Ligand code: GLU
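We begin with a single chain expressed as structure tokens, specifically the form predicted on its own.
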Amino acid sequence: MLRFAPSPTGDMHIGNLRVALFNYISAVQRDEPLLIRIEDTDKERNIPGKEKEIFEILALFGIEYQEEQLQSNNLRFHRAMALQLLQDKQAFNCFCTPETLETKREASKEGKIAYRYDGTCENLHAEDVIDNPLPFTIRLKKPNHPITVTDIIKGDSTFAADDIDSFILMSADKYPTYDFACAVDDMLSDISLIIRSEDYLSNTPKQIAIHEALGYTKKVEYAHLPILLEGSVSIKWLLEEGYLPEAITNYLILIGNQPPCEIFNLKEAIKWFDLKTLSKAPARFDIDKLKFINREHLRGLDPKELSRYVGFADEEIGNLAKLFLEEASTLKELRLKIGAIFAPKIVPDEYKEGFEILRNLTQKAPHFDDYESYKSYLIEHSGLKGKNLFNPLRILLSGAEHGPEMSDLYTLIKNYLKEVAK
């Protein structure tokens, strides 16, 4: 089983979604189930409604899963495993106060040495533990050997025992720390491959140490994705700006990859995607590249489907929207372009007289199937020519002084001409 484990503490961002997509693709390729585990044990930072939002985004992006889980529902297992570690002498109660630990950290900084827990409480006598009224945390005993993380993307990384240290498993409030909850949950769910951001690489040896202390021998595979610089852009914001889920998916899979083509969909990516060929270097989120990819996906949409995105259900309006893809790259921009055609027009003073003449003539004109006939009618009845004809006419038909060829524009709005010129 694979897992995607987001926290309901803020908007899902592109870095999260990239991890979700890679987990989904790998689960399908390996024919293993995918678990969505909502890591909600940080009670103070959880935001109501974010859990539902996560699942809505996953559905919108076509990420299918077989199981879902709230981490908080495993609290009894976290506590039971902590008790087992205490009984097996693999962990110990620590009564050091936060203030004492902070003082020691500051002293380490002043001495320019890395802070390490000094083992104050590791060898307390049993009576000192039982009779101690102070709040306590539970710490894992520092491993007695280095731990090597074998990573599909990054290769081997070895961490010294001192770097792992005697870290906290359970806080004084009897809730698990991230590393302990994560390690226990992965064990309980029999996770075979963990794909996550490189940010979490330093957590991995701690979680392996927990598994070893608990006697868990399954060989878990790891793939830590290179950092996506400026990767905190909100998915919700991108959708509101008018980027298609298919285009966002295309872009996130493309980053650091070697695809057979630049424009593709999720089903196509499943056929060739390979974690082993991903670049090891960090990548930067490039909004201009995303705009290009989004434009290509908009071009590829069925015209009637595209028309629905801009508020219609008409193939001709969909084709009209495609006319504007030379200057627009998102649905939001297309809606503004199409909206301007049907909205009251803002006309510069120098064209107002000509504009009114053309508007009135258009309202009274018979239907013309082609632009040349319509133009000839206007020339004949308005007495306008040159820029005094074409500039106000462009504003009348498009709501802007620049844009697509008017013959192309007319062909697609001729059935709406009276509404356009209202």
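Owing to the predicted nature of the structure, the values given are computational and were not obtained by experimental measurement. In case it trips you up, residue 1 is the first one in the sequence shown, and so on.
Beyond what is shown, the protein has a form predicted together with this ligand; the following relates to that form.
- Note on contacts: among Tyr309, Tyr115, Trp237, Tyr200, the single residue with a heavy atom within 4.5 Å of this ligand in the model of the complex is Tyr200.
- Exactly one listed residue, out of Arg196, Lys345, His297, Lys337, brings a non-hydrogen atom to within 4.5 Å of this ligand in the model of the complex: Arg196.
- In the model of the complex, this ligand sits beyond 4.5 Å of every heavy atom of Phe167.
- Of the heavy atoms in Ala5, some are within 4.5 Å of this ligand in the model of the complex.
- In the model of the complex, Ile210 stays away from this ligand, with no heavy atom inside 4.5 Å.
- Using a 4.5 angstroms limit between non-hydrogen atoms, Phe77 is distant from this ligand in the model of the complex.
- Annotated contacts: Glu39, Tyr178 and Cys182 all touch this ligand in the model of the complex [non-hydrogen atom within 4.5 angstroms].
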